[in-house]
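This document starts with one chain, in the form predicted alone, laid out as structure tokens.
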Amino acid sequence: MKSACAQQVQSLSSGKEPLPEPCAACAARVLSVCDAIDDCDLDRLAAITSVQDIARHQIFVTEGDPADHLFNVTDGTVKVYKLLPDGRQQITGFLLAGDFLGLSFLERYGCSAEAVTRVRCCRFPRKQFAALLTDFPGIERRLLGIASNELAAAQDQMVLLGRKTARERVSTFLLMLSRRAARSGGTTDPVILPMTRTDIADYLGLTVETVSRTFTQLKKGGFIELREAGIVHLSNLSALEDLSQGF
């Protein structure tokens, strides 16, 4: 038996019904949790969605604040971090288009989030979003996948910070960004680095000086080419992959 949604689509006499705003212009939908909803049901999600344009360096999630909203990044780069008691920050990850933020069972945000570039995201009230999960189990399955990926990323980060050398960390970081660009249909080489060297250092657990020195070493070793600001060409991909694994 066809679902009500499928019957609705079949009954349209003049092509597809236009998607509701803000979904109509969202290029990141195929990468995000929203793709788990059929076109004809998107109005339910759109009804609880507010689009936010966030300026560069603006903090829009603060650690410890009530976790009242969830966010889906549709454009730009976000850094997620925790503040140490002495004011230093440990960046736990960078979010790109299609990434989801705020997934937690806690009542307060466990991390802060700041726009590295100009960012656009969809914001959902947590309680209203949770109410949709009963009607759309596909969203819940997608969220479970996101949680599993976040756990795997956290385990990788533990290995990176605990066991890898500076050259291994930087090469791993470059390869990670290249693979994530491939996932979103972007360019895998050169790699675009919208974040500062300080942000890279705070993510990799290194000093800024060590990060800069390591980039220079990788350049001299023929692994990469440093082009204009924020653009890195992976000159020898296989060698860089070996380096990231400690070979």
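The structure displayed is predicted, hence computed values, not measured ones. Just count from 1 along the sequence shown to find any residue number.
The protein also exists as the form predicted in complex with a further copy of the same chain; that form is not presented, and the subsequent description refers to it.
a further copy of the same chain in the model of the complex comes within 4.5 Å of a heavy atom belonging to Arg163. Within this chain, Asp75 is remote from the site of a further copy of the same chain in the model of the complex, having no heavy atom within 4.5 Å. Glu107 falls outside the set of residues with a heavy atom inside 4.5 Å of a further copy of the same chain in the model of the complex.
In the model of the complex, Asp41 stays away from a further copy of the same chain, with no heavy atom inside 4.5 Å.
Contact check for Met176, Thr188 and Ile192: none of the three has a heavy atom within 4.5 Å of a further copy of the same chain in the model of the complex. Of the candidates Leu31, Leu70, Leu206, Leu218, Leu206 is the one whose heavy atoms come within 4.5 Å of a further copy of the same chain in the model of the complex; the others do not. With a further copy of the same chain omitted here, the record of contacts in the model of the complex names 198-206 of 198-206, 41-49, 180-188, 54-62, defined by a heavy atom within 4.5 Å. Contact residues in stretch 111-143 (any heavy atom within 4.5 Å of a further copy of the same chain, taken in the model of the complex) are Cys111, Leu133, Thr134, Glu140, Arg141, Leu143.
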